[in-house]
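This document starts with one chain, in the form predicted on its own, laid out as structure tokens.
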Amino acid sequence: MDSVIEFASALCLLTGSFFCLSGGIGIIRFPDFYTRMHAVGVTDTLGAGMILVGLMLLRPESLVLIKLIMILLMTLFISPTASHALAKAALRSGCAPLLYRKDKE
């Protein structure tokens, strides 16, 4: 039974690492602020969530599990809210999406 839990944990950790890495590549490859922010916001939330679930499977002790659940819940609530606030602030400051720019790069 331990090998199944370790395999599931390793799978979650690898999947989360892949999502975080693909978000980093999205920052480099996407053309404007909003698409970059979307790539990082979505993949970071999912990547961090998968990594935390993998860590929860590795250490099921009660105190460690409670701490990891609290970190997961904070990540799931704070990251999308921060992304939304950042996009709204950029739009209000005049940073237009690439679709609406007159000087498309």
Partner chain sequence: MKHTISLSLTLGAFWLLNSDHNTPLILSLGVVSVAFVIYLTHRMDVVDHESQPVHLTAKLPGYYVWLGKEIILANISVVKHVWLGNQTISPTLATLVASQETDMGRVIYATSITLTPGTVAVDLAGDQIIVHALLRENIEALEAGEMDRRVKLLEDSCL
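Numbering follows the first chain given and starts at 1. Predicted model only: the values in this text are computed from it and were never measured. In this text, the rigid core denotes the largest set of C-alpha atoms whose superposition between the two forms falls within 1.5 Å.
Below, we turn to the form predicted in complex with the partner chain, even though it does not appear here.
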Would Val4 count as a contact of the partner chain in the model of the complex, using a 4.5 angstroms cut-off between non-hydrogen atoms?
no
Contacts from 65 to 79 to the partner chain in the model of the complex (any heavy atom within 4.5 Å), listed N to C, are Ile66, Lys67, Met70, Met74, Leu76, Phe77, Ser79
So, superposing on the core, is the move of Val42 at the CA at least 2 angstroms between this form and the one not shown?
yes
